[in-house]
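What follows is a single chain, given as structure tokens, in the form predicted on its own.
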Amino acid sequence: MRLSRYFLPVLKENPAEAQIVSHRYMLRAGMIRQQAAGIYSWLPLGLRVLRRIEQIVHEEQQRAGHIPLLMPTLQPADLWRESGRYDAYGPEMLRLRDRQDRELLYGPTNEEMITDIFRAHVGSYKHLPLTLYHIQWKFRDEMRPRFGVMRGREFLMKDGYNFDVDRDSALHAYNRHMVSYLRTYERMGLTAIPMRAASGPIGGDNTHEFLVLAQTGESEVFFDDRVTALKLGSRAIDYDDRAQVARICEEFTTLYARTDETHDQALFDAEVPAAHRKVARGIEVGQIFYFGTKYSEAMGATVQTADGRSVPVEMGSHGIGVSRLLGAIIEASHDDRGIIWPEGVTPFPVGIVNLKQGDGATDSVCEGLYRALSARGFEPLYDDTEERAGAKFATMDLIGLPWRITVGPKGAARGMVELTSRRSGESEEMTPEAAVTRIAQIYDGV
């Protein structure tokens, strides 16, 4: 993408309404624009990151055997009356009527609708286990929307729902989701700690939140700091192997890690050596629930077992805040110059900066880099504008591309360019061909 043809409305000054780093940088980098309180338009750069996060979520869900579908944003109120949640949910639910005076709601979550779909099409244990999910816009009418996409009213969420014939199978689905979420966050460059949490309006006894540590987090968290060193890495996982999946979950949840809602100070002191006790703030980026037959009993979603009995299907739900993840990643990965995107979610893998636009030699090297990177499947962002060098570097630092290739007249005359890491700030001079090869090596397997 050539910057001269791109829509990137960067701001030089910090917006007065932005209170936290992620909100400030998303506005300044031209990623979002507020249209109403807690409601944003996603501008091209922000949309590219949103789609990359969405793609990772899709890939890891399907790797775990989960099946995508798409449910509507508007839901009939009658479904929520069946479950008993319509009046209980509270003012966060946006209620409305259509021209036929039918009551609708803008969905904050989809337990009722997915249960309705299930009961209409599945009646036997032979079709289980089954996990369906979608990535769809949600609306919760927050009393005080703030912090940009971190606490908006409209947000993009992955919500998935498992259906199983018995409790053991449903708990395996719970564990399967935990492991798939751990892989998802690692691919985004995040350390997201699963913490014992409260279930809230979703319901159920078993629930974990995934929290990213950040000073601006909305939750106070208490944890054994050894949990932050745990990684899945490249280990092979068979999601159908109940024992393996359970062992991984035990590995990641044995060390103490709880939100303030479930924190037990006496247990914390007893289980965690003083040197490893940590209290911090955390940003919630996902939550998983096992709630058994809470919805299936209320809505008549039953299956026939192998011995001919009819039983309520066992269920759980599992959410990832897709749009919220952008803010969480920025909160966890930035400096005083701007965003530092991890390679897995960056909007462009590399930026090309032409220090003397219009100079034959620099233009030729930049065009060669642009073609060579594109031919290898890497779409670079090429700053081919007439801006001065300082402004070009400031823009690249602000938008946070992990790698930058700088081409100047002196280097071009010697057949050399400069490859710079946004994270470390270290630069290395090399040939254009070597720079292309290095970028390919960096992104191999990302």
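Residue indices: 1-based, along the sequence shown. Because the structure is predicted, anything quoted here is derived from the model rather than measured.
What comes next is about the form predicted together with ligand ATP, which does not appear here.
Only one of G286, G327, G107, G160 lies close to ligand ATP in the predicted bound form, with a heavy atom inside 4.5 Å, and it is G286.
G319 is the sole member of G319, G316, P347, G351 with a non-hydrogen atom lying within 4.5 angstroms of ligand ATP in the predicted bound form.
Proximity to ligand ATP in the predicted bound form holds for none of V165, R167 and Y174, with the criterion being a heavy atom within 4.5 Å. Listed stretches are 143-151, 94-102, 240-248, 300-308; the contact stretch with ligand ATP in the predicted bound form is 143-151, by a heavy atom cutoff of 4.5 Å. Taking the partner from elsewhere, F291 is found to have every heavy atom lying beyond 4.5 Å of ligand ATP in the predicted bound form. Ligand ATP in the predicted bound form comes within 4.5 Å of no heavy atom belonging to F118.
Among residues of the shown chain, F222 is not one whose heavy atoms approach ligand ATP to within 4.5 Å in the predicted bound form. Ligand ATP in the predicted bound form comes within 4.5 Å of no heavy atom belonging to W80.
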